[in-house]
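Just one chain follows, in the form predicted alone, and it is written as structure tokens.
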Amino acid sequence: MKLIRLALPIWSLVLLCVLHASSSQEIQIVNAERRIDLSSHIVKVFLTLKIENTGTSPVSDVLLAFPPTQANHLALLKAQAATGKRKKKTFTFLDVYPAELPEGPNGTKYFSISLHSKLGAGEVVTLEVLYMLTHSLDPFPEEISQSESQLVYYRDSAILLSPYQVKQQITFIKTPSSKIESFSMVEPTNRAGAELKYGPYENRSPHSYSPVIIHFENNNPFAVVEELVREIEISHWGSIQITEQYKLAHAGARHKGVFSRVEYQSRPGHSGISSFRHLLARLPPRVHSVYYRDEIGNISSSHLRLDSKKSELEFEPRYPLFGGWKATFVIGYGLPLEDFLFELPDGKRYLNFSFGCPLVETVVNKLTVKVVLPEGSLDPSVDVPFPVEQYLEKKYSYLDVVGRTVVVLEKNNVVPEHNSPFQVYYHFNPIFMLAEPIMLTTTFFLLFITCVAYLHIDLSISK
């Protein structure tokens, strides 16, 4: 009996390997074009795959392969199927999820794209994939002075890592400027200004890999929020209060030597070129009661721009941020309730708000979103377009009796593309809106009765 129990997992693993090998033989990539954008500290990769089913049975999934160094820093992965040509092209978004397969050669990890309809024998489909990598640019040298530019390394493969045979492929790598110190040569390789071209390469076998290293200048802000806590407090009396607590850091090459503010202000285009002092937060429209402060107090170096579609808060920390420097601050603002809270026909209410970080071009290592529901809310549920960790907790505020339910959502490695709407559903009995007014009225009434009784009671010993 024990032998049978031990054999079942082994046979399951063997079956997965056999299915993976058979599907790899049934699919080939006719053409692959990869465009890697290194213009910021977030690496954006646009991948176009023309896939053909060369087998005899239909295929419902297509695998993407990533080396372990990229899989560990993968922040976003999207895929869509393209049909038609040019202006008549239409797109169908596809589900992408980690494949339950054993690791491939050298720790390769797989993700599976679920096709909208099965790909029959001899049929061809074009897939467009977008994925983003964080913390994938390594500063070198690791420390620079105030007057030096920042140089970074980027490591990848000139050949697309794939479990399928690739008939033809090409890779374009775009850097922020033409200041490229060095790059690996894998013939044919061409350079035109700030762009490198690897390929075209033909008839590459599955899991082919050709490592390349690019050393280039990148002085864009390496703004990383180590931890962000966003608290969204709902009040049915007409407003939503947002409080955002930031722990911001410059994740680029560490600053060495002494900081000279005189040199920094007199030579703004040359001194501290890799540092940053201006931040931009895109807030919802109709925002009001905006404040920006840190541990010392309110910071006045901010400017708020308002229009009917968006609000932008441009602000500065108390000091410019160089590599390795950190800053903590709080941003708070109010929003009208009717723009974000809605009611369904069955009486259930839901909040429709944006997930992610309002700061532009910023990576968040750990994001915590707390939605504080009104007291008396029941049966909360959440709809988020990507995987998050979620749990419930309680919060007590002024005049609360049973406490307010707090829906907590946590996600690591967040990029600007995660700023997508999410919904929190809950039931609420309107009678609870009268709880605080009744409590205050009762308290003042009892106080009044007590005062009247005290004034009319004769506590003297003798008459």
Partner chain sequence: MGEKPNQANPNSASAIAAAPAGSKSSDLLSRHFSIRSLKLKTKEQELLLRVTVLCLVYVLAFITRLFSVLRYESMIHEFDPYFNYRTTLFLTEKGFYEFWNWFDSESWYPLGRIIGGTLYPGLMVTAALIYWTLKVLRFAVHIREVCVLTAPFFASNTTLVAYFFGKEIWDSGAGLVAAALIAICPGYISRSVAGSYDNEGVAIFALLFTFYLFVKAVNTGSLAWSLASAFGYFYMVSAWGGYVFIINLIPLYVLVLLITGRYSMRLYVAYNCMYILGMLLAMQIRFVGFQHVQSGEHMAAMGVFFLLQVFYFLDWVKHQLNDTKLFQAFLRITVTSAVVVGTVALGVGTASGYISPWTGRFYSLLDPTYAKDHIPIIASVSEHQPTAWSSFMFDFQILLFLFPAGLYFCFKRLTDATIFIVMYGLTSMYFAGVMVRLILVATPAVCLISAIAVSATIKNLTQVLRAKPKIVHSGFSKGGSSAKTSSKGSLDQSQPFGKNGAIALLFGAFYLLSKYATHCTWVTSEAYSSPSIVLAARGAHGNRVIFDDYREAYFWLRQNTPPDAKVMSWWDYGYQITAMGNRTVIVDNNTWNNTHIATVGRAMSSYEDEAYEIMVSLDVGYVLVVFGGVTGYSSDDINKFLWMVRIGGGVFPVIKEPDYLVNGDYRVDKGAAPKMLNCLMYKLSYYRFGELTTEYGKPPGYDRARGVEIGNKDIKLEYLEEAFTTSNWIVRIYKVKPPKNRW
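Please read these numbers as outputs of a predicted model, since none were measured by experiment. Numbering follows the first chain given and starts at 1.
Separately, the form predicted together with the partner chain exists; it is not shown, and the next lines address it.
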Heavy atom within 4.5 Å of the partner chain in the predicted complex: which of S145, S302, S210, Q80? S302
Given that the partner chain is left out here, which of D294, E217, E312, E361 has a heavy atom within 4.5 Å of it in the predicted complex? D294
With a 4.5 Å heavy atom cut-off to the partner chain in the predicted complex, the contacting stretch among 134-142, 91-99, 316-324, 104-112 is 316-324
The partner chain contact in the predicted complex: S260, any heavy atom under 4.5 Å: yes
At 4.5 Å between heavy atoms, is T56 in contact with the partner chain in the predicted complex? no
Hey, in the predicted complex, does Q165 get a heavy atom within 4.5 angstroms of the partner chain? no
Applying a 4.5 Å heavy atom distance criterion, does S178 contact the partner chain in the predicted complex? no
